[in-house]
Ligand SMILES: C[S@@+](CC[C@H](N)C(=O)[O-])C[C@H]1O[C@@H](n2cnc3c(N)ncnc32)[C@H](O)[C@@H]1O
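Just the one chain here, the form predicted alone, laid out as structure tokens.
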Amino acid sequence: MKKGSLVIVGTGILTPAHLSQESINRIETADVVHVLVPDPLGLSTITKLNSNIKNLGELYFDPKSNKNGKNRLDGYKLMIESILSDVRLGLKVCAIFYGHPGIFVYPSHECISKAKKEGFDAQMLPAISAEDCLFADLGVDPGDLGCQAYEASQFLFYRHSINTSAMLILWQIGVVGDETLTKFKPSENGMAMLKEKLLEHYPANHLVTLYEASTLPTMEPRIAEINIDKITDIQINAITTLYIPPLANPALNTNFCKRWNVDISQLQ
């Protein structure tokens, strides 16, 4: 194994409250820390743990000037190279991303994969994600009737089999419909497309929830219920998630249960 190493950690949604003790230890003992967090409080907290900081936010794609490439993917590639360049120098590198570092974080997975292929020790630590906060704030249990989750634009553009008897979570509706990876808001027809797609599976009056996790201790989460047919009329932000509750309980497979002598009275 080569000398350099990489560990990727997440801040959780509320920094510093969601930082795990293991993540704090890895930050403190790193030779250099690469950071991508959206708020000054998070960056300040990390800087107090380790002053040798490189702010990956400076490499983020800027659509107004085409700084750092032509789209978000170009910016992510710059971040990957920045992180791996220090690993290749033989340094103990810690890379920090907002939320869970393995959920909707392209650079983290690419860095782990490339580092391992090049012979370096690389690992990712778990963290609290927006999904974890959603389950807690909305009081819903994915183990009840099941859970399915898709990136919102992927939900639009691909043929997914939707189970309306399980909850559905759509991530990143703040950029829904943007196939170019250049926008930081829904495409011109993004919300209209989302409404049309949902109406293929759910009635117009089905109540859904627009959710945004609290990012500051003094801030309440956004929990706004609305009928699907009104979804184009409400404010969507960059961090908005859409939660669609089950439409009905799943139908019992009586033939299967009978074949295997399952006592269906226990399932009611």
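Computed from a predicted structure; not experimentally measured. In case it trips you up, residue 1 is the first one in the sequence shown, and so on.
The form predicted in complex with the ligand exists for this protein as well; it is not shown, and the discussion that follows is about that form.
Between 78 to 86, 157 to 165, 102 to 110, 177 to 185, the stretch whose residues reach within 4.5 angstroms of the ligand in the predicted bound form through a non-hydrogen atom is 102 to 110. Only one of 59, 213, 30, 46 comes within 4.5 Å of the ligand in the predicted bound form through a heavy atom, and that residue is 213. A residue is said to contact a partner when one of its heavy atoms sits within 4.5 Å of a partner heavy atom; residue 198 fails this definition for the ligand in the predicted bound form, lying far away. Using a 4.5 angstroms limit between non-hydrogen atoms, residue 228 is distant from the ligand in the predicted bound form. With a 4.5 Å cutoff on heavy atoms, residue 238 counts as touching the ligand in the predicted bound form. Contact between residue 120 and the ligand in the predicted bound form is not found at the 4.5 Å heavy atom cutoff.
With respect to the ligand in the predicted bound form, the three residues 148, 202 and 244 uniformly fall beyond 4.5 angstroms at the level of their nearest heavy atom.
Contacts between stretch 165 to 188 and the ligand, counted in the predicted bound form as any heavy atom lying within 4.5 Å, involve 171, 172, listed in sequence order.
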